[in-house]
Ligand SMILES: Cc1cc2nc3c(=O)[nH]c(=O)nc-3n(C[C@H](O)[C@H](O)[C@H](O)COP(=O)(O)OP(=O)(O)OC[C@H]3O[C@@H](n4cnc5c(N)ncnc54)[C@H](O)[C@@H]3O)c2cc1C
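One chain comes next, on its own, written out as structure tokens in the form predicted alone.
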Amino acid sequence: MPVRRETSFRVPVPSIIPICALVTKNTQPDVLIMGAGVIGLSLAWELANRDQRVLLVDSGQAGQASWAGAGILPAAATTGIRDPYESLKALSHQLHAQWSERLRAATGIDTEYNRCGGLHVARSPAEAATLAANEFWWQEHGIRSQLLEPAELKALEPHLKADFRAAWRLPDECQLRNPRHLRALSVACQKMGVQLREDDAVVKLLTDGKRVTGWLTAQGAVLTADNYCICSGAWARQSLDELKIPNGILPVRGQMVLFRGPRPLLGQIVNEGNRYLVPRRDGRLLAGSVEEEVGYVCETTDIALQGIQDWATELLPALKQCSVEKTWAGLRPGSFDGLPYLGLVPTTENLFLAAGHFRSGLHLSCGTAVVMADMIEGRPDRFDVTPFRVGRG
């Protein structure tokens, strides 16, 4: 089956983070958020639900930087949580189920949140050993898991190739559809009074000592608020560099293949290492992905797409009978230590940052929104957020 190469969008690399819109004195928001991806939209909605006036601004269209993912929500710890990152994951995982219902009630949009479960499979001895070691971690942290015998795997997923050295099922792994989730967040934000402005660029951060006093845009507008938060993903690095704040944010490209068939071929997510198959209810199936450090280049490549397709059809031979509906690339906001940056930007009193979530932006978005809203409002931290401090490197 030939691979059809397609780039769904190209994000320009501006000299500084783009945003948009005019703000008058009569409509000055409490919080200005830069970046209308899943982190920015989630934070805006959380703040709006706390009666904060919010202006959400972006260089392009709301959600364009976050729709490219597969929508996987990995199972999270429920007990024995001591690590701050696991605390953030657990909070967010719990909130996703609640938010899906709240978003549906507020907008009528079904995000297709689904606790479908996930399979973690291994074909090499090393991969099988890794999964066996993971069992102890799952048990310690209250994550339900089941080692499947070959016959059990065949009965569960008859279309899946069954010659694995090991296969584990995690019933609490979930998924949702990124574009629908982002659309629901955008609509919900606007219903709550969030101002959503698109297609402009910030050319300068205005400061007075330790306080940010405004954002100057390419259109000549000065956007002002009491507090400011940068949620612009991989492009957050540019704002931090302007302020001479050390950071390890970098873009990491991923690529995806979308198959379309007449009916679902899988009932749950399949994970092998960093690659995955994600079935949708309508027969579509997502296959991904790769990790490429190529700067701000958001384009697909034939070699990566072919590699993904070969891997996917090897695990699920029935995909050879399905068409490739679409392919695309996206840029993940990586960080040097794998942890996001959450908190107050050093040397400032009212500028915050929430970026660097790498492959987990969607999964961590709800928890990030709550944690950041608490910080902006000056509330006590729900858990130790020191590992996420801005300026750590």
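In this text, residue numbers run from 1 along the sequence as written. These figures come from a predicted structure and were not determined experimentally.
The following text describes the form predicted together with the ligand, which does not appear among the structures shown.
Although the partner is absent here, F164 sits far enough away that none of its heavy atoms falls within 4.5 Å of the ligand in the predicted complex. Although the partner is absent from this view, I72 contacts the ligand in the predicted complex, with a non-hydrogen atom inside 4.5 angstroms. In the predicted complex, the ligand stays beyond 4.5 Å of every heavy atom belonging to T300. In the predicted complex, the ligand sits beyond 4.5 Å of every heavy atom of W99. Just one listed stretch, out of 224-232, 187-195, 112-120, 148-156, contacts the ligand in the predicted complex at the 4.5 Å heavy atom level, and that stretch is 224-232. For the options V31, L342, L362, L43, the residue carrying a heavy atom within 4.5 angstroms of the ligand in the predicted complex is L362. Checked against the ligand in the predicted complex, the candidates L351, A48, V324, A68 yield a single residue with a heavy atom inside 4.5 Å, and that residue is A68. Interface residues of 184-220, taken as those with a heavy atom within 4.5 Å of the ligand in the predicted complex (partner not displayed): D200, A201, V202, in sequence order.
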